[in-house]
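Heads up, the chain below is alone and in the form predicted on its own; it's given as structure tokens.
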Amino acid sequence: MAYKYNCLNPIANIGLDNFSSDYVKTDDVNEADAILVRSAAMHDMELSDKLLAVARAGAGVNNIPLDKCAEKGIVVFNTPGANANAVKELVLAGMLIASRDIVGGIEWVKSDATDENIAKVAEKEKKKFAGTEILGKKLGIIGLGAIGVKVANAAMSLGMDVYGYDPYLSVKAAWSLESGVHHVSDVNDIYKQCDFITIHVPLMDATKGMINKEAIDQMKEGVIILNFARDLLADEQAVLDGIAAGKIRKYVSDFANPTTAGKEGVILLPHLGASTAEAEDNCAVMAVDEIQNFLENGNIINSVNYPNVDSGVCQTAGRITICHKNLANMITKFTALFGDQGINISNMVNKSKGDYAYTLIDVDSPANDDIIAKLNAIDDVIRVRVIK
């Protein structure tokens, strides 16, 4: 079976080259079975009935209408961890730039580049750019996902005293953390104790504006705040007020916007977190793998709007997948139909995520057109797909 995919943004060839000969690139988004995207806005797009999957080559999915996709049975993937090392390195750079006035020093040298006595003058001027070391300082990390864990471990190796907060810490993340990282159960302990605070959580209603006046009031004098996750995680006007009051020493953000651009005490970068060749390659490879696994096997890995379901490669006569609403008695209706047709179910997985659910069914004999039509006719079934 041939599949068609469309790229809304340039996607690294190292990933696209992993598509098998069964995949063809198309410039017509309306005939695509899958879309690969980085930052292109999709909220106002018309989504064709043919579209089955969207893969974001990156972690953030604010540019994708997740609910709209879920309602149409379109599974949206992201690539968590693929750019984690790139962001980690930039966070470390941000800490060092905020601790030492490296940028100010560089600009001074540029401005005096024509002075033949620049070496002598520099010895007198360098005290203006003096800073502090990060060795022994307390670093608070809010969010211990793929990026947060890497930041924690790297900071430990640099001699920092690291505190991590994540009420949803995964087993994998816990095993990956250096043993010396202090895991705190109350984010307020981070605010009160740490010299540096870095945020690595997704933007949701619960996290929007979490770095606000109340949080800042608890922080130590001279705290340095780093935000390489999303600008809206911080109430940036409250941050600017904290800088003006001398509470916040520096605010380092990877998100240029009119509120913070050019403001005193703010170090602003133009969203460079994942802007490395290696990160773009890693994201492209992971996104392509996710699409192929879903289209060919029906497996969902790293979805943000449907649950993860992985049953490997089908070893039976047939496989059917069903996107549906997360309601009671749906499984009973599915199994009854197969029973009426005399088709034995050899394996079934059903998982839910919020309002939506996904059921993958392996059967011992191929499903016929009649049972597929009857599955589609069940109320609150969104999409039925025959994988094999």
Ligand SMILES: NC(=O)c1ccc[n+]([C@@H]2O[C@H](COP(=O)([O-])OP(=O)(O)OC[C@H]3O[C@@H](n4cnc5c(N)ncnc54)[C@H](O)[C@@H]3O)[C@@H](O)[C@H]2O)c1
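Numbering starts at 1 and follows the sequence shown. What you are looking at is a predicted structure, and each value in this text was computed from that prediction instead of being measured.
Below, we refer to the form predicted together with the named molecule, which is not included among the displayed structures.
In the model of the complex, no residue of the candidate spot (313, 343 and 361) has a heavy atom lying within 4.5 Å of the named molecule.
Proximity of residue 251 to the named molecule in the model of the complex falls outside the 4.5 Å heavy atom cutoff.
In the model of the complex, none of the heavy atoms of residue 138 sits within 4.5 Å of a heavy atom of the named molecule. With a 4.5 Å cutoff on heavy atoms, residue 145 counts as touching the named molecule in the model of the complex.
Within 4.5 Å of any heavy atom of the named molecule in the model of the complex lies no heavy atom of residue 263.
Interface residue among 294, 228, 196, 77 relative to the named molecule in the model of the complex, by the heavy atom within 4.5 Å criterion: 228. A heavy atom within 4.5 Å of the named molecule in the model of the complex is found for exactly one of 234, 274, 162, 98: 274.
With the named molecule omitted here, the record of contacts in the model of the complex names 82 to 90 of 82 to 90, 99 to 107, 300 to 308, 120 to 128, defined by a heavy atom within 4.5 Å.
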